[in-house]
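Here we start with a single chain on its own, the form predicted alone, put down as structure tokens.
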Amino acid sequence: MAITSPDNRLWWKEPIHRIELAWIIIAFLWGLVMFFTMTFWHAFGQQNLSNTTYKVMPQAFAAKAERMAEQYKVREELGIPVVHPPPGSDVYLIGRIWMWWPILELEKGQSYRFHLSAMEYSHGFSLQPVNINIQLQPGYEHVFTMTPTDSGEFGIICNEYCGFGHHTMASRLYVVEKSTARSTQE
């Protein structure tokens, strides 16, 4: 509410000044440009990750991840299993108190269906330097398909503050050539 009433109580019936009208038109057109640019880049730019989210019980998700780790374990690093699932399979990654579990080893050029979830707190899954970022919430499973195009070691960090051990929540994802992948499983 204004301190004093306007001189003309029907101010909305006053004509719009040309400069003000020009700025309104510019803002409207810029909004249209941004809207269509975002939809174009989402559909054709291969920039945004398309994922699906499902409700899930954290214990049920953890059981699936543990079964996968038992079935495809190839070695351990610092007490965490490194798993090498077959191409085209479902891979499970858990964000739990200040760690990612298990460590994944995938084959270059092969597609995998990722399933991500948090157990107790909100976590941010960030795969670097690929720049895949997903916010994980307990009770929700995020599913997306990924085909690694480069081999090497990639970093996984939590980019959502999750408590006093947040700074230690880092892991890695290995992408290996097909011939290297067979030798690690033998």
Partner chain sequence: MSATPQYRVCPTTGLKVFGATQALIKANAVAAVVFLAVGGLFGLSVALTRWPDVHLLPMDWFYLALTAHGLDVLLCWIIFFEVAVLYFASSVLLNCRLAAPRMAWLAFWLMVIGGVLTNITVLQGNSSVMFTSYTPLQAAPNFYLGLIIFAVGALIACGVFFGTLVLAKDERTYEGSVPLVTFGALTAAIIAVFTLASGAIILVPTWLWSLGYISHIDPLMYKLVWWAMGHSSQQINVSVHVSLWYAVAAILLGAKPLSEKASRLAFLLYIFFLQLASAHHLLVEPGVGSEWKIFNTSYAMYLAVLGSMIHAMTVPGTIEAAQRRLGFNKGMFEWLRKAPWGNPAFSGVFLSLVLFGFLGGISGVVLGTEQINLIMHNTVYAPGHFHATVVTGTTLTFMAVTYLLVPLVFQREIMFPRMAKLQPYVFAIGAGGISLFMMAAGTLGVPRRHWDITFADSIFPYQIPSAGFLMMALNGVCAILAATGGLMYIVNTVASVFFGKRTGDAPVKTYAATPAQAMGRPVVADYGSAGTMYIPGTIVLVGVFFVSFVLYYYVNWKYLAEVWPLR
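Whichever C-alpha set is largest while still superposing within 1.5 Å between the two forms counts as the rigid core. Residue numbers count along the first chain shown, from 1. Predicted model, so just to flag it, every value in this text is computed and none were measured.
Below, we refer to the form predicted in complex with its partner chain, which is not included among the displayed structures.
Enquirer: Applying a 4.5 Å heavy atom distance criterion, does T37 contact its partner chain in the predicted complex?
Expert: T37: yes, in contact with its partner chain in the predicted complex.
Enquirer: Is there a non-hydrogen atom of L49 within 4.5 angstroms of a non-hydrogen atom of its partner chain in the predicted complex?
Expert: L49 belongs to the contact set for its partner chain.
Enquirer: Using 4.5 Å between non-hydrogen atoms, is I132 touching its partner chain in the predicted complex?
Expert: Because a heavy atom of I132 falls inside 4.5 Å of its partner chain in the predicted complex, the answer is yes.
Enquirer: Applying a 4.5 Å heavy atom distance criterion, does I80 contact its partner chain in the predicted complex?
Expert: Although its partner chain is absent here, I80 would touch it in the predicted complex, with heavy atoms inside 4.5 Å.
Enquirer: Pick out the residues of 116 to 131 whose heavy atoms come within 4.5 Å of its partner chain in the predicted complex.
Expert: Residues within 4.5 Å: E120, Y121, S122, L127, Q128, P129, V130, N131.
Enquirer: For A60, decide whether the Cα shift between the shown form and the other one is 2 Å or greater, given a superposition on the rigid core.
Expert: Shift at A60: below 2 Å after core fit.
Enquirer: Indicate whether H17 shows a C-alpha shift of 2 Å or more between the shown form and the other one, with the rigid core used for the fit.
Expert: Comparing forms between the shown form and the other one, the H17 CA shifts at least 2 Å.
Enquirer: Superposed on the rigid core, does the Cα of V143 end up 2 angstroms or more away between the shown form and the other one?
Expert: The answer is no; the displacement is under 2 Å.
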